[in-house]
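Shown here is one chain on its own, the form predicted alone, set out as structure tokens.
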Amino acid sequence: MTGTARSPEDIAAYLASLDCVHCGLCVEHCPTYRQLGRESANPRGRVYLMRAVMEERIEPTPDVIEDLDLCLVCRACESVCPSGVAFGEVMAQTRSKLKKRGPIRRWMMGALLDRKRLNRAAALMRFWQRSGLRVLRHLLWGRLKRMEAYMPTVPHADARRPLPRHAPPIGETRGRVALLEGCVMSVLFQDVNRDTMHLLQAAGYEVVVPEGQACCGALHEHDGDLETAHRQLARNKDAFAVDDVDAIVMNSSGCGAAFSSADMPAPVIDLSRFLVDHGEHLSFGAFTEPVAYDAPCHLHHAQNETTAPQQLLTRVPGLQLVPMDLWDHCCGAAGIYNLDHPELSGRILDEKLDALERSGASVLLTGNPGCLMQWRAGVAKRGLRVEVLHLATFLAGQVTA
């Protein structure tokens, strides 16, 4: 590296980029390379570009920044990299130096930091959706128009109410866990949070929902706003410093990956893995329709949890877990990638929708709010008769004890 003094984070990112041996094993696993077919649209090429920028051999021109922005940061490359390149960390640090954020983006990302503000925005969106004003959506433009198109039906205010701060176990007490409500999850998918709490209670666990918890900062890190991401993790670290908690259980893969990257007060574990390891007393009713599972990137690649969801589903009597091509590839949601790059996101999703159709599944399960919205929008647009559910929602509907 040359030029002015570098921060420890810059130096760490640069050293991580040197781990790449340019073998190319990552190339075919990259969703953007599958669509665009050019070297600058795969991890190896992006490492070249980022290193060249850090060494000041090239300028961060608009074309260079665009090639880096087109990365989904799905981290599939990390799962197959023989050298262990921490690609996500290098990309986050690079984006923190190069990314420019306009006023709409700053407002949108800032809204995530405050649940009251986010709830007010949700209430306005619910009014928009129910009042008949949606006939005017053709007047919207750019990212606002895309946000409106992807937004699911906003639940009524009662369905968005906070979880109870404490929920007792059902039956014998087997332990105590903490649960993150999240920002998007708490406003648009609070039903998933309630289903998660019910599953944990049914497994015999007391559930606490700590006061003072905040947005995990995953979307901010994805966007290169590392200062905000680190600040949010510090807030959550303080909030989750509660006594006698066996684990912090996560039902959002993006939040789980963010928490896993920090030194949290208790082990961070995805709901699926927790129930595989500690939910042996759960029993489920029969379900005989074909089900497909789509792995969220930040569970499969960032947290290396590749088997627990499928293991859990094998405990549902009669369930047909049908194979689906590309089940471990990104769906194209990738934080707010589908808003920033709708055309390429749509092409990536179309390939996944083709795979879903071939599978013959009538239910698709996943584990991240962005994935739920992306899949539901795609399924609706294509007119498929497939129900898209969070794994927690599906299992809570089947649990008998």
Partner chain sequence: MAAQACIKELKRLLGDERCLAEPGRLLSYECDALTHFKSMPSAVVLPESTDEVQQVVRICARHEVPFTPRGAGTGLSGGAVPAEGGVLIECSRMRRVLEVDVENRIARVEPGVINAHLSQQVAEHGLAYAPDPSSQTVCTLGGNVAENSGGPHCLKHGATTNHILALRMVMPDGEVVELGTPVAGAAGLDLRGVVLGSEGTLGIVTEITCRLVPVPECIETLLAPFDSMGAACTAVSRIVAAGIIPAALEALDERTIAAVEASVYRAGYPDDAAAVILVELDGHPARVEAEREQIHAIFRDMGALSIETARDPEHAEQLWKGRKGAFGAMGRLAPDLYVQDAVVPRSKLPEVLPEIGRICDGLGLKLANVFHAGEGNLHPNISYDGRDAAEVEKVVQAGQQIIELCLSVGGVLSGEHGIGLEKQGFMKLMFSDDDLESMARVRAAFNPTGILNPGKILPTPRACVEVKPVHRLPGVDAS
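Numbering follows the first chain given and starts at 1. Being a predicted model, the structure only gives us computed values, none of them experimental.
Not on display, but discussed next: the form predicted in complex with the partner chain.
- Taking the partner from the other structure, the partner chain in the model of the complex has a heavy atom within 4.5 Å of a heavy atom of residue 27.
- Interface residue remark: residue 20 is counted as part of the site for the partner chain in the model of the complex, having a heavy atom within 4.5 Å.
- Not displayed here, the partner chain is approached by residue 54 to within 4.5 Å at the level of heavy atoms in the model of the complex.
- Using a 4.5 angstroms threshold between heavy atoms, residue 11 counts as touching the partner chain in the model of the complex.
- For the candidate set 89, 206, 78, 328, a heavy atom within 4.5 Å of the partner chain in the model of the complex is found for exactly one residue, namely 78.
- The partner is absent here, but in the model of the complex a heavy atom of 64, alone among 363, 64, 355, 336, sits within 4.5 Å of the partner chain.
- Heavy atoms within 4.5 Å of the partner chain in the model of the complex map, among the stretches 189-197, 228-236, 156-164, 81-89, onto 81-89 alone.
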